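As structure tokens, one chain now follows by itself in the form predicted on its own.
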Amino acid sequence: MSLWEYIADRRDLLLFEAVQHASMVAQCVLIAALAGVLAGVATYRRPRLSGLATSTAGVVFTVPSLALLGLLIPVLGLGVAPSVVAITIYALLPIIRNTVVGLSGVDPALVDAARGIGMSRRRSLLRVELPLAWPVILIGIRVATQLAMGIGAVAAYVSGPGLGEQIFSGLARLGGANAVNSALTGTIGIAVLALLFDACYVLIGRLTIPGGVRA
């Protein structure tokens, strides 16, 4: 059976797994984005705290994904829960780092001007600093999404949902019928999803970043 015949024969299952994979990644990145941006906003004015937040996320990031998933099994069991926790943790680092870098890179003169016309610190943050830092933050979210897409495949190790099941199943049966087709289908599917997500971020950037800031 050729690769295309394999895909056509299992298109309903593959579509279901692709939707599962995309949904899991989107939800994990959304959680990581909210937590990461909040952590960056809370710490960027304090170098020690921002360094601690970034270094803590960085230390966790160095733990191999299979090892982290293995550590989560005794606590959370198998399935969705350990997959979501692991993906969210790995997605935090680029978002926290880019939030801190983006907010720290805003021209202090613009912040002073905003305060000079009567803006409170919170309003200055929401109306001046975050919009100017948004392009850098968005890059962090894009990087986090690509990381999450790959780690989502590894989550099949703990019976996580998504296209990783095709890859692990194919590798486990290597040498058997359709083993290579299964692994290739999972790999290609994840690559296509990653490209689709990235195209969505490009569109979001065009819609939300003013031309002057983008330049």
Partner chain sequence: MTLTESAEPATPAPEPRLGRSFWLALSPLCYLAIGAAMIVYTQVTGLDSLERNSLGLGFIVRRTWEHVELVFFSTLLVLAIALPLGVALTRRGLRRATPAVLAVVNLGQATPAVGLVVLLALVFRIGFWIAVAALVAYSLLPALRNTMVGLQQVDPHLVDAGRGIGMSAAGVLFKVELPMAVPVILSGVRTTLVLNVGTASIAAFIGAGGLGDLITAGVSTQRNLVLVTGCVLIAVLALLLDWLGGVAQRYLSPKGLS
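Since the model is a prediction, treat every value here as computed from it, not as a measurement. Residue numbers count along the first chain shown, from 1.
Not on display, but discussed next: the form predicted together with the partner chain.
- Judged against the partner chain in the model of the complex with a 4.5 angstroms heavy atom cut-off, the residues L66, L71 and A183 are in contact without exception.
- Of the heavy atoms in Y44, none are within 4.5 Å of the partner chain in the model of the complex.
- Not displayed here, the partner chain is approached by I139 to within 4.5 Å at the level of heavy atoms in the model of the complex.
- Taking the partner from the other structure, the partner chain in the model of the complex has no heavy atom within 4.5 Å of any heavy atom of L15.
- Contact check for P161: no non-hydrogen atom falls within 4.5 Å of the partner chain in the model of the complex.
- Along 178 to 202, residues A179, V180, A183, L184, T187, I190, A191, A194, L195 each place a heavy atom within 4.5 Å of the partner chain in the model of the complex.
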